[in-house]
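Let's start with one chain on its own, the form predicted alone, as structure tokens.
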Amino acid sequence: MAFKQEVNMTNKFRCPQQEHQISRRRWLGTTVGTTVASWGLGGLIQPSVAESLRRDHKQVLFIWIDGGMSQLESWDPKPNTEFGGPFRSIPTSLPGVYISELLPQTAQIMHKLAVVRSLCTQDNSHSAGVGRIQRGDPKDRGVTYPYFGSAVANLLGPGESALPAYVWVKPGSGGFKHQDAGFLGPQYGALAFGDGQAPSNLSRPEAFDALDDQARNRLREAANRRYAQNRRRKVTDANTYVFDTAQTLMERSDLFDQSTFTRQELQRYGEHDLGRHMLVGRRMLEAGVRFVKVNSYGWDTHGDNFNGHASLMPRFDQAFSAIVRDLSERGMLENVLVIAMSEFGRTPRINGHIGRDHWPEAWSLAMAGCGLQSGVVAGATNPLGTWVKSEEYDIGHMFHTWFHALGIDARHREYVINGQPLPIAHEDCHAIKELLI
């Protein structure tokens, strides 16, 4: 019998009514609780530390290359061809496999990676492609499916960490991205740390000592119990978790202290946004966070593609190779599924602005770690890189593959939305067997 993940679409987080004379904000004596309340978090995790993580605690590092990395300047170069561009291909640690010369450090760890060169997806616009790729393109059933991070947080649970199950390290602003959760409800959204920084007002006010903090939390808990009477439990549980999560983040403020990165770490990962953010992501994984997404922006190279990639690729190469090496050396790679991808690739044809446009018809992604064969290249494109010449893989195939690598059988596990069973991955797709252990 299929395992059914119960979800109620009506479980929307609602802020509590103002029905007490003394506000919760005043009880807490800080704006942390209020800040997190505006994010709408849900589902508390039990405390743990990195050194006590169980061997079966599977995690995901999802590196999102926003805008569209060119497969021809990365994983599937076609030098000395009509569309190949100016860059050479170089040998890798995997005999017979070549990648772009813009990835020299990654070439040295190719034997640890699994690359797919035969992605053939549908949407060639950012507005459609980003959502479709990160949701796995399930069949249209009139509901909004969750992003992969939200799905993993729901299907695998938060684990033993006292931190949110799905965090997002990104340039720019942070906050809670409830939209990622789709029909799962906002408690499975992404907690984004803008520039890898902690949420505002995270520190306890100096006027409050530890005893004051304990007293106000006891008062809050008593108020929560009173408030929960005659109300839906899912709503009140989410409300309680808002404050519990704030307390947890206050206790783990060390995760955001980038001044503690060593000079050696910064030099290895790169003293740029992606390098620093990848280090924050590694720290989140070490702390036990289930799903960590790290963003890199600026890859939409419709103009000056080659100079753009000559600038962007070395940063990616440095940070990506460093995190794979670190996870491997720390004994974590067997439990962490690493994925690096965009919403599509870029056109073989070079446009009038010396750029490459959007191309979902034939592109690539790279992976490593949990549940995957290492040193595998799946699929191939034709000599010009214009079309896939092997079996085409859509994003639904990748979702089946990722779920399988994480120990989730997408064929027999499903969501149930208001009594309606829904598959967790596109039922017309399948896992790519040659990628899996």
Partner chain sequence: MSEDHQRLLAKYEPKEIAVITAQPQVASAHFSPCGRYLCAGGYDRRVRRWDMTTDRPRELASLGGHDGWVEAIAFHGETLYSADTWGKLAAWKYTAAAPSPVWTVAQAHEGWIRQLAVSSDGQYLASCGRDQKIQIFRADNGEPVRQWFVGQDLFCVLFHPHTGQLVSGDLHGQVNIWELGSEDPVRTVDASVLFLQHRLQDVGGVRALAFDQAGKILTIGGTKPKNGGTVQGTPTLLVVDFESGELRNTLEIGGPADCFVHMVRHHDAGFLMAVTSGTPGNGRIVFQRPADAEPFYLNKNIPNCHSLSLHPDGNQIAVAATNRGSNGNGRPLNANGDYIGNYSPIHLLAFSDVAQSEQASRPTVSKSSTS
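If you're wondering where the values come from, they're calculated on a predicted model, not measured in any experiment. Positions refer to the first chain, counted from 1.
The same protein also exists as the form predicted together with its partner chain; that form is not shown, yet it is the one meant from here on.
- The three marked residues, 192, 256 and 288, fail to reach its partner chain in the predicted bound form, with no heavy atom of any inside 4.5 Å.
- Only one of 108, 267, 351, 173 comes within 4.5 Å of its partner chain in the predicted bound form through a heavy atom, and that residue is 351.
- This chain is drawn without its partner chain; in the predicted bound form, the residue among 139, 88, 330, 263 with a heavy atom within 4.5 Å of it is 88.
- Its partner chain in the predicted bound form is approached by residue 273, whose closest heavy atom lies within 4.5 angstroms of it.
- Although the partner is absent from this view, residue 93 stays clear of its partner chain in the predicted bound form, with no non-hydrogen atom inside 4.5 angstroms.
- The shortest heavy atom separation between residue 124 and its partner chain in the predicted bound form is within 4.5 Å.
- Taking the partner from the other structure, its partner chain in the predicted bound form has a heavy atom within 4.5 Å of a heavy atom of residue 386.
- Heavy atoms within 4.5 Å of its partner chain in the predicted bound form belong, among the stretches 321-329, 279-287, 146-154, 299-307, to residues of 299-307.
- Contact annotation for 325-342: no residue has a non-hydrogen atom within 4.5 angstroms of its partner chain in the predicted bound form.
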